[in-house]
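Take a look at this single chain in structure tokens; it is the form predicted on its own.
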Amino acid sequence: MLPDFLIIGAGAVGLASALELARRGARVTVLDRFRAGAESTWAGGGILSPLLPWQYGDEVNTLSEYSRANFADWCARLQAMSGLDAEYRTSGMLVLPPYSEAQAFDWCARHGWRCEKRGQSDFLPTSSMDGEEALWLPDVAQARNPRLVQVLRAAALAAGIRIVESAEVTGLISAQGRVTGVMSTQGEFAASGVVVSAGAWTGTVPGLEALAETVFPVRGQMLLFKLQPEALRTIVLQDGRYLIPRIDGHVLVGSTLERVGFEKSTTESVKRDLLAFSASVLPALSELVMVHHWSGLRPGSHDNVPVIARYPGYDNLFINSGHFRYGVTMAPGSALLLADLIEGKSPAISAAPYAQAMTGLFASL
């Protein structure tokens, strides 16, 4: 049986980690500086795949595919525990030009993905590129982020996990190469092991400042519209921007990648750009009043490769962070990988790529 664990950060990755450790017998407490799942997990789009996987390295795709293979069963189990619906569904993704057709088909053939050329009119009533062909990836799935947050939180509570919100960590308590607990704005918490999944704020945790250049905030802005249900049936992607339809007719439009520190304000220039993009793909959106415009801070990382490893200098301090755009996508696989590392088991995928960011830290300590 695993010992008591503290998880710092109650986003998708932190709660997934807590649930997996609890499933393996640990007693778990999760601390969050704000509210569970209220930062990047809530703010994102929930596409359960790298946007164009053939443009990413093996480290990203290996972890994403590991998660994708587990996501449906993982989500179903959590929904049963919580009694809530994350709106997980396979809606497919239509990739509009420009794209590298040869690269896409080669990658999909090698990785068992279905991929075909289709006319845009098969999916979009009208668009500025009507008549051009597009790539159709029918197996791309999505989850509705705010609903998934509710599922994760309720499932964690049902599993006996303690969640303490508004608990910003102000210091680590350590002795003889081990972290014995943390100090926070809600008091001190003792534990036999600590996992840091604090998202963009990972490098601000006292004692972990060395990670600030490894995991850093990247702002993303999104728009929301409301159409009739089934007016748009599939995710649409072009040049890193996308439309994501929800079951009830809401359509998300995103997103940006902005290195502006911890600034979460929205900007008029981005709103104009996203409005123009959305209208070019689905002109009906230009006739609607925008429902909401928001931003979130992703836990950026170099090449989108997260850090999942023991922190140098401590036997029982682990990092599970830096998932950039794909925290929800990678959450179940990252939790399995982390729990295997903690238990000393051989994981289903190699852990080495996700410890590479620690190399310099190990060398300096």
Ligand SMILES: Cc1cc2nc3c(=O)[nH]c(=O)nc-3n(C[C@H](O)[C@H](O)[C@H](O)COP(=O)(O)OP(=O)(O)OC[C@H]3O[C@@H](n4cnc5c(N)ncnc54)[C@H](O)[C@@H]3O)c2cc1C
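Nothing here was measured: the structure is a model prediction, and the numbers come from that model. In case it trips you up, residue 1 is the first one in the sequence shown, and so on.
Here the subject shifts to the form predicted together with the named molecule, a form of this protein not shown in this document.
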| item | value |
| --- | --- |
| Exercise: Ala18 in contact with the named molecule in the predicted bound form, heavy atom 4.5 Å | no |
| Any non-hydrogen atom of Ile319 within 4.5 angstroms of the named molecule in the predicted bound form | no |
| Val328, heavy atom within 4.5 angstroms of the named molecule in the predicted bound form | yes |
| Contact of Ala198 with the named molecule in the predicted bound form (heavy atom, 4.5 Å) | yes |
| Per-stretch contact check against the named molecule in the predicted bound form, the hit in 350-358, 21-29, 337-345, 7-15 (non-hydrogen atom, 4.5 angstroms) | 7-15 |
| Listed residue (Val151, Leu124, Val205, Val95) with a non-hydrogen atom within 4.5 angstroms of the named molecule in the predicted bound form | Val205 |
| Sequence-ordered residues of 268-305 touching the named molecule in the predicted bound form, heavy atom within 4.5 Å | Gly296, Leu297, Arg298, Pro299 |
